[in-house]
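Take a look at this single chain in structure tokens; it is the form predicted on its own.
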């Protein structure tokens, strides 16, 4: 038995934030019914990378990653029968989750009051930029917008440059994980009291709490989190030590990070390098001297690392007590990471259009009731008839009638 076996989730989410939450629930056994509409398809179904030249609604690796273990149900909520079926599905489910702008579900008559009329103890989770109350509730956001408004974008970037933020929607994932935790807490509360509730999650608030380390550093140490006055590149700034940088290795765009934190570690690095004469000179004898001559030091280490293979060099340096790590690309994490391989992190699942596709594992790993990778992402609408038959008892004639009337779109 998986921990969430028997829990039904009506998934009205799209893009990343909501699907991140329902992916977690599905991994641990919840029956997640992803409600879709062919005329308003989740843009991630068109997202790259694709298997082939053009999107087919089913050949997106991105969508496959975000929506494994779920079932796809086509329902045209604009059709009266489609809305009726959606309401009936909600009435026999435990959780409704959506990440539309505030007020969208209310316009369908499916705000919390409307949902409670269908099922008194429903757990309703809404994810939006600012939440469903307050002055800014009607503003729409994307992950990077919420990141900037939460203050996190300000803390990143190069010295002397404008704030950079992160290139990926970090806040979408953070909001999704927060939503999953909130849903689990609400289900536990319902199990003890019989009461459902509305979980109103603001992405901006979920991001703001991540500023704790920056606030603490400013309060206790008087330091700004902005990178003003910091050394360029990957050199250390606190504590200021050298060498501390990334260095080229053999192959195209291959690099290794080396960090020497003490004179003893510098001696170890010199031994691995074969005790070159330059390493024994006064210019590099102490940390202060190495910092004063950091450009020359980095040039010499780079010349030594450049013809060497990165993984072999990492192993050699680590064995000698020198802090070193390959600067991994995404493919390295899949193909060459020994720790992830030892934990069986990468799994392969079949997919009708993508073929065998790699998936990351389930985190956290529960000893007695671990999550499970059961299936890749569903083809659009693939489970419509089965779900409506199993959960609502529609027979073949009723299903045919709905399909002919355009309810399944």
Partner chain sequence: MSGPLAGLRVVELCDELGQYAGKLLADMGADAVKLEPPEGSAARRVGPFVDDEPGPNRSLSFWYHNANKRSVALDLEGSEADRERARALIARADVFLEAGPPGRAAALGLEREALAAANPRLVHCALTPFGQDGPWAHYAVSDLVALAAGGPMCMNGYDAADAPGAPPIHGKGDQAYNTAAHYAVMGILTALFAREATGAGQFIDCAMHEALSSTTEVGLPHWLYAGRNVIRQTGRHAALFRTEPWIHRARDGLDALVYNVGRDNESWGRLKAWMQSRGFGANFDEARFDDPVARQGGRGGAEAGEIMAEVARFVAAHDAEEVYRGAQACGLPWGVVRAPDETLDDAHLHDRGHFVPVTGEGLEGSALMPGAPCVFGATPWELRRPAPKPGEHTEEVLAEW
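Numbering follows the first chain given and starts at 1. Quick caveat: nothing in here was measured; it's all calculated off a predicted structure.
One more form of this protein should be noted, the form predicted in complex with the partner chain, which is absent from this view; the next part is about it.
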query	finding
Exercise: residue 276 in contact with the partner chain in the predicted complex, heavy atom 4.5 Å	no
Contact flag, residue 258 vs the partner chain in the predicted complex, heavy atom cut 4.5 Å	yes
Any non-hydrogen atom of residue 56 within 4.5 angstroms of the partner chain in the predicted complex	no
Residue 315 within 4.5 Å of the partner chain in the predicted complex, heavy atoms	yes
Answer option from 83, 250, 302, 210, heavy atom within 4.5 Å of the partner chain in the predicted complex	210
One residue of 206, 110, 122, 74 in contact with the partner chain, assessed in the predicted complex (non-hydrogen atom, 4.5 angstroms)	206
Stretch from 90 to 98, 330 to 338, 294 to 302, 276 to 284 whose residues place a heavy atom within 4.5 Å of the partner chain in the predicted complex	330 to 338
Heavy atom contacts to the partner chain in the predicted complex at 4.5 Å, residues of 121 to 143 in sequence order	130, 131, 132, 133, 134, 135, 136, 137, 139, 140, 141, 142
Cα-Cα shift for residue 363 and residue 213, closer or farther in the predicted complex, minimum 3 Å	farther
